[in-house]
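Just one chain follows, in the form predicted alone, and it is written as structure tokens.
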């Protein structure tokens, strides 16, 4: 059944008021509840049409109206569609933001290498907290669902979930509402067995889907422990004779390719620096990794807010121009903050 905007708003107002008060709803109440700016007489005419359509009923003569079962159904279906649109719009916004951040970090690494003539690295933000912002499940095919997990800091991860049933669109919308109502703002440690049992009970015959989606969300949060590292300027190592001999250069290039030691540097910087803009300088034997004992490593911590902190690093010879590097890194961090918050 298709209703025009006016009738839909009046029906929604009747349902909301009746759910709130349990009393039949009259035209004067509707005129105060909606933004239609209609007279009570016009609203009564619209209510008469809704009654004729079987969407509302008048329990007693001279009383207001209450929703019929069909009226409830239209209200619930529209509400579910609206919530699904909200989730889709949020997902699109956050995916765009994540792509923007990744491209920005890669660009920062390139510009830093270009301006310093050294090798550079930058880590994607590591979250202080690991709380769920929301989950969206969507159908892939009859045997799979895609769980999109958004964590604190607007970090988005996708996880494929195997399912034995093929839920319809209405079921998926209801499960999305259930999961987000109960899990938003919780850390993985706060999602305990009692909460899962309650969710399964509410999900009824779809309890197995709920279990598998929660498992996927928990795995996703734990997997986020691994930092993404972006690098640039590795070939700048060959500019400096003390680093360009075959053995040293090969070890450094391997370090940049495998990135495991770079991740260690990033984590060390984050753990040793409590505030944004904190600069750490490691010279020679002070370097955090064995392959950089002949280098100097300058790191800084950037902070994008919402618990998102990461590390910028510059790796070069011990005769590095420290003053220039520190100045450039501070400028880069300030610019990074400006770009991200636009």
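So that the term is clear: the rigid core is the largest set of C-alpha atoms that superpose within 1.5 Å between two forms. These figures come from a predicted structure and were not determined experimentally. Residue numbers count along the first chain shown, from 1.
From this point on, the text means the form predicted in complex with the DNA, which you will not see here.
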Counting non-hydrogen atoms within 4.5 angstroms of the DNA in the predicted complex, say which of 292, 47, 300, 55 makes the cut.
47
Taking 4.5 angstroms as the heavy atom distance cut-off, pick the stretch from 37 to 45, 279 to 287, 308 to 316, 292 to 300 that is near the DNA in the predicted complex.
37 to 45
Using 4.5 Å between non-hydrogen atoms, is residue 11 touching the DNA in the predicted complex?
no
With heavy atoms only and a cut-off of 4.5 Å, decide whether residue 6 touches the DNA in the predicted complex.
yes
In the predicted complex, does residue 25 come within 4.5 Å of the DNA, counting heavy atoms only?
yes
What residues of 56 to 78, in sequence order, lie within 4.5 Å of the DNA in the predicted complex by heavy atom?
58, 60, 61, 62, 63, 64, 65
Residue 25: Cα shift of 2 Å or greater between this form and the one not shown (core-aligned):
yes
Taking the rigid core as the reference frame, is the Cα of residue 10 displaced by 2 Å or more between this form and the one not shown?
yes
With both forms fit on the core, has residue 41 moved 2 Å or more by CA between this form and the one not shown?
yes
